[in-house]
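Shown here is one chain on its own, the form predicted on its own, set out as C-alpha cells.
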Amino acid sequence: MAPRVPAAVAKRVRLGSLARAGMGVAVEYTTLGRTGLRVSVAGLGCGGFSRLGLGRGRNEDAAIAVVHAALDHGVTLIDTAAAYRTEDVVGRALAGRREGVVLATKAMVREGGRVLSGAEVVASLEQSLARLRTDRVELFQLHAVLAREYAHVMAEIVPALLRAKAAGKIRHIGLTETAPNDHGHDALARALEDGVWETVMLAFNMMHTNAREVLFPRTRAQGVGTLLMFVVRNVFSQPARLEEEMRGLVAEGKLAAEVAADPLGFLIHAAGASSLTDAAYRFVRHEPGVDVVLFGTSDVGHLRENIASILKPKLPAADLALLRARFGHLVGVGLDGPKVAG
C-alpha cells in the first residue's frame, strides 16, 4: 500500500510536477520510527559547511530559494539548529508554507566548558521558536551530546524537555551525536538504554559503517527513528581530500597502498553510480534501519541532483560487497568537523 502523504505535501508536489518530471523519480516517504511522523526519505539539512549557502557567501534570499526548491520537490523534513544560524532564514522560507512540514531543530547542551541547565535549554528552544516563526516544532533534538554529558542530560535536561512537550512546544524529542568526537557512537548507544528518545541523528557513510552493528539493530527493535548525517563530507566530494585521507590510512597500516591508489573508482560505471556523491547517497539510503538521509546544499541544481540520488535504487551487489571488503573495518573516516575540547 502506498504511504499516505499529507494533503499539503501532495498539493505542493502536484504544483511542482514540472520539477519532479525533471528528476525522473517520485519522491518517497516513510514513517520516522515510533513518532508516527510521515517524512520524506530525503531531508534538507541546514547546517554543515554550506548552511543553505550562507556558509559559502550566498545571501538570505538565495538560501530561502533553496528551502522553497526542497519543498517544491516534495521534501517535508527540514533540519536546522540554533548553532547553525539558519533558523531565521528557515522561518522566513516557511512563511505561508508551514503546513505539512516536519520541522526539526536543536539546542546545545554545553557552552564553553560547562553543561547547561534544563531551564537554559528550554530558553534556547523558546528562542528557536521565535526565529522559526512557529509555536512548536515536530522534533526537538539535543545537539552533539557526548557520553560524559549523558547522565546530566537525563537528570537535568530531559525533565525540562518533557514539560515543554506537555505544553505543546515539542511533539517529539531526539538526540544527536558529535560524530568527530565519538567514532564509536558511545553517546547514542547509552541513550538507547532509555526509552525517552524517539529519534537519533548519527554519522554513517561508505567508510564509516560501524552503526550497522552498534546502533541499527537496536533502533529498529525499539522503533527509534534515524536521521543520517556526514553522508557526503569533503572526503567524497573533494578528490584532494580523499587522496589525503587515503595516504593517512596507508601510513597507519589501515589500508593497502594499491587500494588507496584508486579507492572508489570501481563505483563509477554504466550500471553503477554516476559520481562518488551519487554513490554515497545511494549507499546509505538502502541500509536497513535508515529512515531519513540528510543532505545540504547551497545550489538548487545540486539539490535536485542530491534528491535524485537518494531516490535511486541501491548500488550493485558486487559494488556493495567490494566496499565492505575494502573499507568495512574503518572507523571515523569522513567525519571532518568541529572537535570538542577535553
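From a predicted model like this one, the values you see are computed outputs, not experimental measurements. In case it trips you up, residue 1 is the first one in the sequence shown, and so on.
A second form of this protein, the form predicted in complex with a small molecule, is not displayed here; the remarks below concern that form.
Contact annotation for the candidate site: 103, 199 and 285 all lie away from the small molecule in the predicted complex (no heavy atom within 4.5 Å). Among residues of the shown chain, residue 40 is not one whose heavy atoms approach the small molecule to within 4.5 Å in the predicted complex. Contact between residue 73 and the small molecule in the predicted complex is not found at the 4.5 Å heavy atom cutoff. In the predicted complex, no heavy atom of residue 206 sits within 4.5 Å of the small molecule. Shown alone here, residue 305 lies within 4.5 Å of the small molecule in the predicted complex, counting heavy atoms only.
Only one of the listed residues (211, 188, 157, 144) places a non-hydrogen atom within 4.5 angstroms of the small molecule in the predicted complex, and that residue is 144.
For the options 121, 139, 224, 229, the residue carrying a heavy atom within 4.5 angstroms of the small molecule in the predicted complex is 229. Proximity to the small molecule in the predicted complex, taken as heavy atoms within 4.5 Å, picks out 173-181 from the listed stretches 146-154, 242-250, 173-181, 88-96.
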